[in-house]
Ligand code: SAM
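Coming up is one lone chain in structure tokens, specifically the form predicted on its own.
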Amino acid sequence: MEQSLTSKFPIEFIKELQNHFGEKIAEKTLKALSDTSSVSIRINPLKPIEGFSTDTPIPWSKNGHLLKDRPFFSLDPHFHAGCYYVQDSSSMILETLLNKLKPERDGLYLDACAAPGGKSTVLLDYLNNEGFLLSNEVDGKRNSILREIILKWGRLNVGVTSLPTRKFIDLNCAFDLILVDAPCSGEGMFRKDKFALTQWSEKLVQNCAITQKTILNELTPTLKQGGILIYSTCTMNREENEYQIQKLIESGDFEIKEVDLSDYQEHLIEAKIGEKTIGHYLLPGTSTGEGLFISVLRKKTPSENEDYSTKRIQTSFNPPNEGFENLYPQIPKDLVYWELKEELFAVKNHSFIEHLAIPLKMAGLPFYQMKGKNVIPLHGMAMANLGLTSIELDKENSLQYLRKETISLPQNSPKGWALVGFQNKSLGWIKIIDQRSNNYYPSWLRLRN
């Protein structure tokens, strides 16, 4: 192996990589980890755009594209409109797994370690307005990022929580599918995140393995019998991957759910226990993106929370205000509204969570608030892709709007509340007063460059 490679990475990491995958794959992976990261995006099927049609498609993602170079995403209005998410191509394998597994969409899903939110968007796209997703992130700062991504993606059958995984068993939760994208040592991210390389140690791997085992043990009782567990990490060692899966199988609660990924075998490396394939690796140099391990299991034993029909309703949902209904008659009638700090959040399929004694950070998307008899529309209604008419802005005015600055409007624009958009994709709300307008783009989202 080249001396330059061995000097860049911890020797213990290199030895484990060689023992795990063999000299040839290890060298290929290390060379790739020394190069520049790839850049990829996944387009929101609710808000399709053509801007990336000439880039390389990701084989396992219908909406994924590998970009030739990294554009200034912050200067693209479509990025702020939630038309796409910048996501590593390896993570997009979840899309193919779901489409091949075909778990029931009419169920309750949990993304247990969800921030920054990319895999939650994949789950929401699979659910396609059916079922309900709880997207959980315990870290407060990362939870804020998660809520921003959920807001822009525009789905209403989602709630955001910020709970330690041990709490879910006490909240009447019984899930049909749980995704655990577990906290890990980050080996697969060495070229994208230099801090991951500097903090790596064998002790960190061992500590992460303990955390992962704890999370899995805490969530096992909340998964229904026959439910699906998808376990993933962005690391490449057996301690955090194969051995975690082995413990789950040995517990008697789980069995491997085989998924045929032979169409992508040139990009994948099978993870095995003995002769049995228990998951797959996507490695730098072999795949198109960063390092990822992923495995699918089926729960064999029941959850004590499966029969919640007699549980007391804990979460309050209400019909819309009459004034709001009259002002926006085109809003779907099957939505209910959850209140947080005087903001009314529109929620779809609330029956999946109304029995849960669960502290929500967000349920659905913020649609409106009442100031006396006046209806104030909120940003979530703009992001929800409801087909509301918007005033078309050019790119310069769109960026001005996103900076919360003054924009130019067409002459004789009618007074009152109006959506503005770019290339038929909504950006947010303004209120037109005489010959000027007030910009209601959320301050916390404001473009600062």
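Start at 1 and count along the sequence shown; that's the residue number. Every value quoted in this text rests on a predicted model; they were computed, and no experiment measured them.
Same protein, other form: the form predicted in complex with this ligand, not shown, and the subject of what follows.
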Inset, instruction - Name the residue from Ala196, Leu127, Ile169, Val138 that puts a heavy atom within 4.5 Å of this ligand in the model of the complex. - result: Val138
Inset, instruction - Name the single residue among Val259, Ile215, Leu268, Leu98 that comes within 4.5 Å of this ligand in the model of the complex, judging by heavy atoms. - result: Ile215
Legend entry - this ligand in the model of the complex: contacting segment from 182-190, 297-305, 72-80, 151-159, heavy atom within 4.5 Å: 182-190
Legend entry - in the model of the complex, Leu133 touching this ligand (heavy atom, 4.5 Å): no
Legend entry - Heavy atom of Gly118 within 4.5 Å of this ligand in the model of the complex: yes
Inset, instruction - Determine whether any heavy atom of Arg142 comes within 4.5 Å of a heavy atom of this ligand in the model of the complex, and answer yes or no. - result: yes
Inset, instruction - Indicate whether Ala114 is a 4.5 Å heavy atom neighbour of this ligand in the model of the complex. - result: yes
Legend entry - Contacts with this ligand in the model of the complex - residues in 19-36 whose heavy atoms fall within 4.5 Å: none
